[in-house]
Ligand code: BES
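Only one chain is included here, represented as structure tokens and corresponding to the form predicted on its own.
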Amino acid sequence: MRLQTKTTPALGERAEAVVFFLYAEQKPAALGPVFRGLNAEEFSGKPGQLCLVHTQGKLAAPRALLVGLGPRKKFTLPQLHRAAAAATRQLRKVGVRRAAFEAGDARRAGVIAEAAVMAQYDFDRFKPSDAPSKTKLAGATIHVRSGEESAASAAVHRGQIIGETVNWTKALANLPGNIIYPATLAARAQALARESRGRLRCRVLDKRALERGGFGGLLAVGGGSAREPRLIVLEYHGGSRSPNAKPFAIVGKAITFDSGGISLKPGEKMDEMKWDKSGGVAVLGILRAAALLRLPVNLLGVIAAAENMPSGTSYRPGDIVTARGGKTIEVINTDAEGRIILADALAYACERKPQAIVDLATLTGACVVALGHDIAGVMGSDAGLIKRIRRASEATGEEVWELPLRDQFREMVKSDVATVKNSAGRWAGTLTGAAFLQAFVDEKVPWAHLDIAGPAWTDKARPHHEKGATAFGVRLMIEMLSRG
């Protein structure tokens, strides 16, 4: 989609529809005579409300879409983001290919651009070639006040990069396990590095390298599958080139398909386990966006990729696994596999002496029980790092909620026969999962864990989002990294 910015006086020129965002206190009639006949039932400005009007030649565009933002005092930019996405999806539904958005200022212009690009995405790669295609916006003009053009142009450019990266990430996350498995995910990472024109570097550790490196967690979890595990390492150097400069590390869980292993999952909804790679795929998206935006930071991305399958070579409940660095894991449940592969990835990341680590993982169903499908749990060892994540969450609308990671949870994962055990039972599952991960993080390194099991995908379409992967974490982390 081609995006451009213009000042408000040209609003609607060469567009098939113009989009207005209105607070509940604003009256549509103030926009012109074409809206004077609307009553409160047709449009009251409540959040997410849409009202399409044929302008009958009274505006430059033949149609206008009114979008409600709710009361002004409760307005947030994430609310605008959802509204702009819903508006774009509605325009596509009625066949609009060129649209104009009234933004006002540069900051809003960037939010609208990002949301409009994200709303272009559909997972239709495998549909029949003769299936009816959905309309996409070929172009959009985002209008701002006079004096805002330069800043708006930069904001729209940034929004377009982030929106396109979110869609790139969703497209990868939505692919099933017969297409994306550890080797093909690694190949996607290598292709990403090549396409970055030198801004990203990629190293992939295959099974032999993992054996030499003592990555016992990845080898154990991946041992039941014919598709061997991989550790994917991406580096971006946009900050200091000093050899002493410490990177910011982002670690991701990429279980390309999770059957549960020997501790087999129930068959119902097992198809959703193609999304168990969402944390690792988000790391790819974060590195991609950072490189395209040329963020002034140094990043280390580490992705642990494995397929968890039952077979005669699978690891078993009762096994003891030695992870990278020498710590041992007693396997209680082979369906608590994500933390075992992350143990290797976190230990490896710590060896690189990072300034901080954030990991993203669809780790526990318990987090979905606690926080639902829209909010990620955040836990960690450093209050300052968690505060940065929460601020970025407020700015992007990718919601997080801090949960208390205390000594009692670390006690619960201690093992009688190994350093830690991978399951402490039913209670406080999200927190014992995080406590397990903390055992593999250097206590001198600030660390935060994002359990994205709830918001990583949605099983039903919403006005602002299609069914499937959400790429949760990409926008959140780019916002946090951009703020420094």
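The shown structure was predicted, so the numbers you read here are calculated from the model rather than taken from an experiment. Residue numbers run from 1 along the displayed sequence.
Only in words, not in the display: the form predicted together with the named molecule, which the text now covers.
Look at the candidate spot formed by K265, M273 and L363 and say whether the named molecule comes within 4.5 Å of a heavy atom in all three of them in the predicted complex.
-> The answer is yes: all three residues contact the partner (heavy atom, 4.5 Å cut-off).
Identify which of E235, E164, D335, E330 has a heavy atom within 4.5 Å of the named molecule in the predicted complex; exactly one of them does.
-> Selected option: D335.
Looking at R230, R324, H81, R339, which has any heavy atom no more than 4.5 Å from the named molecule in the predicted complex?
-> Exactly one listed residue reaches within 4.5 Å, namely R339.
Close approach of S423 to the named molecule in the predicted complex, 4.5 Å, heavy atom = Heavy-atom contact with the named molecule at 4.5 Å: present for S423.
Is F436 close enough to the named molecule in the predicted complex to count, meaning some heavy atom within 4.5 Å?
-> Heavy-atom contact with the named molecule at 4.5 Å: absent for F436.
May I ask you to check whether L69 falls inside a 4.5 Å heavy atom distance of the named molecule in the predicted complex?
-> No, L69 sits far enough from the named molecule in the predicted complex that none of its heavy atoms falls within 4.5 Å.
Partner contact for W457 in the predicted complex: the named molecule, 4.5 angstroms, heavy atom | Yes, W457 sits close enough to the named molecule in the predicted complex that at least one of its heavy atoms falls within 4.5 Å.
Segment that reaches the named molecule in the predicted complex - one of 265-273, 96-104, 166-174, 286-294, heavy atoms within 4.5 Å | So the stretch in question is 265-273.
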